Each structure stands twice: as C-alpha cells, then as structure tokens.
Ligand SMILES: Cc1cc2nc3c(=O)[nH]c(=O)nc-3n(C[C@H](O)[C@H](O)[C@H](O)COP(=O)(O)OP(=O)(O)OC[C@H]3O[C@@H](n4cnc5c(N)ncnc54)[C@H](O)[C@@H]3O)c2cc1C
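One chain comes next, on its own, written as structure tokens: the form predicted alone.
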Amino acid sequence: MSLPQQGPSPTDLSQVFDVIVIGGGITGVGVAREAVGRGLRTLLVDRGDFGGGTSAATTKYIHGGIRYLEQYDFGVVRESLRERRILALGAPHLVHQTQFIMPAWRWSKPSRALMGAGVALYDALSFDRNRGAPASLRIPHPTWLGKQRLVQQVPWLDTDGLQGGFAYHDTLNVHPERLLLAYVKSAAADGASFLTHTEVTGFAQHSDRGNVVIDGVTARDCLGGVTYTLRARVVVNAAGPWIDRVLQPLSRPLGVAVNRSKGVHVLTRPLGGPGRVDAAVFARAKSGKHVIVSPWMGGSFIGPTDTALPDGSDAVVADADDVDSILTTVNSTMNPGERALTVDDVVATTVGLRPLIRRGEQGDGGNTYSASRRHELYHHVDRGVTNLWSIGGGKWTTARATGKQMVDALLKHELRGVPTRRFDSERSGTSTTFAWAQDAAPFLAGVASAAGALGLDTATGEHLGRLYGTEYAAIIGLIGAQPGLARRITHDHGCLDVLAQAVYAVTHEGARTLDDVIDRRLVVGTLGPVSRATIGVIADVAGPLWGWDEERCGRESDAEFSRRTTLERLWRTHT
C-alpha cells in the first residue's frame, strides 16, 4: 500500500474525520490502525516521521518485561506476554525468537533464588505463548545453565563468583522501524490518511456553557509551511513523551503529566568475537545498573540507559555520559581476559524517550527506572474539555491492546452510534505479512530465489524479504525495469541495502527527508556512520522524486552529513 510522499490531497483533508490521532509512534499508529480497521474515518498527524521520536529507538525486543516483576507490575507483564505472541504471529518475517540469559553471581541482587522465582513466574504468566505458533516461533520453558555451560556460551562473562544463569526466551523485533511502518501501511490500506512532518499547533474549538468543545486541530507542514485546519468528531493525543506539550494551547490544567526517560543504546564490536554469542545477556553490575547485550547485525547492541529528562528540556541526544554509563556497566560484568569496550568500539548510538506516567502534575520524584510501564487513558471531559482524549505511558509490545482499548472507549462516548465494521486486530497480520502464524524461512528462501533471477545474492534477497514482506515484489520489479537499482548503496558495515529501496521509500513509503530514508526506511542508518558519499548516492536517487535539482541534492546531502556528524561528536567527546 502506497503512502503519498506529500500527504493526502486537500479534498481528503476537507472532510470531517471521525478521529484525528496526534502522534506517529507505535501507540498512535496502533490507535489509527484499530480505528480505521473498524471503519472510522481516520487521520494521523505527526510533527516528524513515523517512529522518529521513540518507537524506532528501542532495545529491539517485543517482550513481557521480566524486570517489571520487581515492581510487582504483574498486570503489565501478563498483558505484554499475551501481546508478544500476537505481534510475533502477525509479522513472522520481522521477528526472531531469541534466548535471554540472566547470569547469577554470588553477589547478585536480586539473589539467585529470587531470580529463579521471577523466571518461573514469567514462564507461568506466558502460559499461552505457543498457542497457534509454528515451530520457529515456539518458546521453550526456561532452563538453568551451570557455570561451565554458561561460560562456553557467553565467553566474555566475568567468572569470579559466577554461579550460572537462567535462560529464557523473548522476541527480537529485528527492525522496529520497519515493523512500525508495516502497521502504518496496514492502516493506509484500510483507508487511513497520514500527515508527517506536520506539527499540531493548536485546537479548533468553540465554547459551550463554559466547556471547551474540540472540533479538530490546527497544524503546519514543517517542510512546506502549509497550514491546515483539520476537523474531527474526536481527537486522540498520542504524542508519547510530549502529550503535555500538545495540550498547552488549551491553557488549563488537564491532569496530565509525564516523566520523560531518555533511553540510549550503543552498537559495538561483537563481545566474545564474531558469531560466538547468539543469546542476549541481561548483564547486571554490582552497582545495581543493568544493560541488555544483544547480538544484532554482526555486532553487540547494548543498553538502555534510563535517565530522567528535566522538564522543559528538548535535548533528546546521546551524550558522552550516556555512552560511558553503558560501557562502564557492561565492562564491569566482563572477565579480565576480555578486552574492555571503549568509545572507539562504538559504531552507532540510538536515543529515544519513554513516556512514563507521572503521579500528579507536580511530579513523583522522577524515578524513571521503577516507574510503571502501564498506560492510562485520560478523558478530558472531566476537566471541562470535550471530544479530547490523551494516552499516557504504554510500551511498544502492548500498543495493539492500547489502541483497541482506546477505540472501544471512543465508541462508547463521542463516537457512540457511528456505524462500524468488524475488525479483529488480534488475528490480523500487517498488510505486508505473507501469512498469519507461519514459519518465515520458506518465504524468505522464495524471495531469495526470485531475487537471484535478477543477479542478487541470497543474503540481499532475504534482506528484502524480511524488510518488505510481500512487497518485495515491488522492489524486484523496480530492479527488473532499471537494473542499475540493484547496486548496493554502500559496502560499509556489511550493509545489504540497494538503490531500489531508496526509490520505494519515496514513492510508496511516505519518506519526505533524507533521514526518513536513511534511518527509518533503509537499514544503513542503523549500522554505523553514514559517509557523505553514501548520503550523496541516496540523495541522487531520492532527491529528483521530491523535485530536487542537482544543486539542492548536494546542499541537502551536506546538511544531513553535518547533522549526523554533530550528533556523533556529542557522544564521542566530553565537554
């Protein structure tokens, strides 16, 4: 399903929508997908790109949140485990079951006994994890690995005081930006409209006996400067970490407050050596801090940090302290024979903000680590504002359930009586999914075979099948029509992206800027530094599709390279 690169037509935007969703992260997309699936006229607006703020900067897992058991958040864990299964069955080409290992040392807190109890409870709460799952997506029961076996499997671990480790499984979200986009495409296929790089500047409203009645939103295209007044029966504020900012134009207390928690991850050389460790490790240091060390794209993906962002700050960037914190934590869990990680081993960072519910508008002390990951629906009619809801908190794994709960509430209140159709999001794969609850290996092999007929190697074919699902045929078709589009974008970092993907990003996936293409349509931007030459190659393909001439392609390439270099300098250099 194509996403227009410049958004819907003016005619489409002149209608009165049933629901306008503010926010193009996984929560907003989950609401939009559920709403349009049920036949509601739906528009989603985001000031940036899909997932550009938080949802593409995750630990790359669809998981139950085993550590939430420490906060006794049993309801969140159970819901997450249920949704983990649903998401995996609905997009088997974009997930992979991964073993997690939780080492236990004599000094561990919680103790080995408590860890074991937590792992057993986690297993019990996931009692339905394999219902309907093919062999490749089935999750085994946890096991205990003795010290010798654990060290063989994870040779970089510190052995001093090591007792062994608990092994359990969670689901790798291989490319979260692509899975998010697959849900966007599903909503678009059902008739939803989208405006990206468009900031909501206020609300269309009128007064009724002292109450504020929301009629829609006002918005401005951040790239073209066009302004809009967009009408809807109800507006859902799903702006994640910025839900309170969206509400500021109403100039009244609405009972919504957010703790913004900065989560940074780093991609490094592979700990233990290339290909030696195939499990994720929950590495908890004596300091009490922990990181997850995951094998990903030939390296080790490590994080996250959990740092409260001060109110009023917009500095959502990785800095040297963030990187140092991650490296110090993981290094303290490594054996002396393993070369410690330094900043020179870091090839890339990601940063996002978690939107955590704050108790009371004055705050709760800012403890983001122990804050609940549950979500909350705010119906602002209680504060004298009608036709407006906000969603606080939440997480990637439970976004489908959040969207369903939100639309259920709309149909009981503002949209009561509006005609709907049946839609079962629990058993609906994405629009690009080859089949519900089936092993992806035969599908990926078939894609590799089709790509091989055009001279592409097996790895590239499987890469296209994983990223695009059934839409791989469109990429293959572009290459068949223009063989030059089979050229690799770069050979850096083992990148498998080809030029046809950059074309498709603009013509069918709604990309409007170079970083949309580089970071959230292709894989290249997630693997390490992107050279000026590589950016230029992408601009030369994508730019003309946006109407750029040669001079602008060069200017935009320079600006994007400068932006990326500046961000990298922030985390490589102490001030």
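Quick caveat, the model's predicted, so the values are computed rather than measured. All residue numbers refer to positions in the sequence shown, first residue = 1.
What follows is about the form predicted in complex with this ligand, which we do not show.
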Item to check | this ligand in the model of the complex: contacting segment from 260-268, 280-288, 118-126, 442-450, heavy atom within 4.5 Å | outcome: 260-268
Next on the checklist: Exactly one residue in G403, G469, P355, G165 has a non-hydrogen atom within 4.5 Å of this ligand in the model of the complex; which is it?
Outcome noted: P355
Checklist entry - Which residue, T534, T513, S55, T526, has a heavy atom that falls within 4.5 Å of this ligand in the model of the complex? => result S55
Next on the checklist: With a cut-off of 4.5 Å between heavy atoms, is I518 one of the residues that contacts this ligand in the model of the complex?
Outcome noted: no
Checklist entry - Quick one: is T27 in contact with this ligand in the model of the complex, heavy atoms, 4.5 Å cut-off? => result yes
Checklist entry - So, in the model of the complex, is A505 in contact with this ligand at a 4.5 angstroms heavy atom limit? => result no
Checklist entry - Would A182 sit within 4.5 Å of this ligand in the model of the complex, counting heavy atoms only? => result no
Checklist entry - Of 240-260, which residues get within 4.5 Å of this ligand in the model of the complex if you count heavy atoms? => result G240, P241, W242, V246
